[in-house]
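The chain that follows stands alone, in the form predicted alone, written as structure tokens.
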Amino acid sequence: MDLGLRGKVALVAAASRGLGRAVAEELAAEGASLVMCARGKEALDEACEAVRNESGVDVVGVPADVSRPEDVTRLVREAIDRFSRIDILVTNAGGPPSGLFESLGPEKWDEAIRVTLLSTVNLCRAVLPGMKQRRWGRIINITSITVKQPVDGLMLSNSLRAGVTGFARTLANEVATAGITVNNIIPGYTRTQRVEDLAKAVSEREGISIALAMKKWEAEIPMRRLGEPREFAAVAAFLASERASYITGTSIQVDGGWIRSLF
């Protein structure tokens, strides 16, 4: 299936590893030019080189911390300077730390708001004028299963990713007539560094091994396994495509059936 992405320009946040990198790889495989960002320059350079060599597309790496508004402004400016436009935005950021409510002080909440919610708001604000002018755009937010079924011990994620969902659903209505779609993808337990970190936190909190923590999650998933980043990335590529032009305001779960709700 030709997704119609050749010649499009995609900006993927937090793209040096995990789901962000998988999405960048998938979009590049479909022929999209890429701007990849991450906080760590060394890891970002390595990821950009790998994607460039594998796909042959034009890939630019911009070190940036998306929790900082000034970094978001610079990131988008550099992307437009290089490619003249941004057609596809994939918002993403490292998940907020795990913890129960009483362990999370005001500074933790402030930081999580900047990283999880405001990074998405600021990235969207920066790319929307160009998308509206061209009357075409795709905004895809990487959120979490916590927006549909809260996970114990993830107070910050449970709270703030729900905020991203509300923001995206409202924005989708506001920009639909401009040919711009806004959707969220909900990853379940996927084989990434983030999940390994969460397993370590569970291990320490419950006094069990990391392997046992992983196995407990696998037992909750109808498919009885963790997801692979490439499986998630395939959904992102479709939502970014011409084929998904009538899909907006949705939250699509890629979780092996973990979420048990009907909606």
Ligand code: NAD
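All values derive from a computational prediction rather than experimental measurement. The first residue of the shown sequence is 1; numbering continues from there.
If you look for the form predicted in complex with the named molecule, you will not find it shown, but the lines that follow are about it.
- Here the chain stands by itself, but in the predicted bound form one stretch of 202-210, 52-60, 234-242, 33-41, 33-41, has heavy atoms within 4.5 Å of the named molecule.
- Checked against the named molecule in the predicted bound form, the residues Gln133, Thr170, Ser103, Gln193 give one hit for a heavy atom within 4.5 Å, which is Gln193.
- The named molecule is not drawn, but in the predicted bound form it has no heavy atom within 4.5 Å of Val9.
- The closest non-hydrogen atom of Thr120 lies beyond 4.5 Å of the named molecule in the predicted bound form.
- In the predicted bound form, the named molecule lies within 4.5 Å of some heavy atom of Val66.
- When contacts are judged by a 4.5 Å heavy atom cut-off, Gly188 counts as touching the named molecule in the predicted bound form.
- Contacts with the named molecule in the predicted bound form, taken as any heavy atom within 4.5 Å, map within 78-95 to Asn92, Ala93, Gly94, Gly95.
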